[in-house]
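For reference, the chain that follows is the form predicted on its own, supplied as structure tokens.
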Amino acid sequence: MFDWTKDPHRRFNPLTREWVLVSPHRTERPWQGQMEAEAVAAQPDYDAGCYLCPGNPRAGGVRNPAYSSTFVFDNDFAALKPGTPLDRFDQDGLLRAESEPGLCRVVCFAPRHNLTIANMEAAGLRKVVDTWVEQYQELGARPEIDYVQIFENRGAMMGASNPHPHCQIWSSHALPNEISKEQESLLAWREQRGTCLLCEYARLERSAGERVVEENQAFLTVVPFWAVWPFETMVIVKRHLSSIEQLTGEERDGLADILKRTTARYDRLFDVPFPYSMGFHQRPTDGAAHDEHHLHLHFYPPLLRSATVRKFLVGYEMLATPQRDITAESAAARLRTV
């Protein structure tokens, strides 16, 4: 059996019937994130103390190459380990656990320490998109990997342990909770109506217009009607595609463009480097077609009314139902004006 004091695994909550990923070995992970009374300061082009800048040693002792474009490496303090043996534990249906093999990687967007998506040139950002596609294909082809999660935590208040612009890719054996829930909804919609839920939703939002923030030939950014986070947005591909690898060259350019324009609006909203968590949702890599999936991204920003007023899910929102003060329509309107 796997060692649940050391090995990554999932634990089942019989009350909510959802799983939680447990990564006990991550306690050794170094931290360069937010501290109490942290001052917001402009970042330099290069930081000699940064684990991710070119030529610098990382926390695990490996030295980065003098990279000049995007740079990908296996996470030195990964939440998932590829050698974890597949196993499960079940005691009377009350204590349930499953081992969770996987592989985690880090993608540095560019050599510059202070170059964010909003400030990148089109060619450099297209390289990031191409790297995401390559990583999705490579990791998804591994027999033990059934899902590849690409995500970015930007800003210390969103848990980013290093300010150098980068994202993470966690590939896992099991489907994450949010993907499983979306898959059930997408499948049910297709079975009941014979159409794609997000295709229909994108058409509705384009027609209404009041929640649309950005649009190009290939993608649409909207504040979802059901949004929970302040200024939450969803980026939806217009053509029915289930994964990032199905994007044409023009659609990859469109993805780079819509991400640059959407994040730039976030930065202008409060005139600060805007923090958020962003992630792709797309089809699993278990070998099935999964045509019910529709490629999209979620942005979850925590700032509410100023650069110092945050809005995390707390209290009633954690224990009962999420609550928000800003409507989707007013949030979209404010994003459109900046």
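Since the structure is predicted, the reported quantities are computational estimates derived from the model, not experimental observations. Start at 1 and count along the sequence shown; that's the residue number.
Heads up, the form predicted in complex with a small molecule isn't pictured, but that's what we're talking about next.
Shown alone, this chain has one stretch from 243 to 251, 175 to 183, 136 to 144, 151 to 159 that lies within 4.5 Å of the small molecule in the predicted complex by heavy atoms: 151 to 159. Residue 166 belongs to the set of residues with a heavy atom inside 4.5 Å of the small molecule in the predicted complex. Though the partner is left out of this view, residue 270 does not reach within 4.5 Å of the small molecule in the predicted complex, counting heavy atoms only. In the predicted complex, the small molecule stays beyond 4.5 Å of every heavy atom belonging to residue 300. Proximity of residue 98 to the small molecule in the predicted complex: non-hydrogen atoms within 4.5 Å are absent; the residue sits far from the partner. Contact with the small molecule in the predicted complex, defined as a heavy atom within 4.5 Å, holds for exactly one of 311, 58, 290, 296, namely 58. For the residues 214, 257, 130, 76, the 4.5 Å heavy atom test against the small molecule in the predicted complex is passed only by 76.
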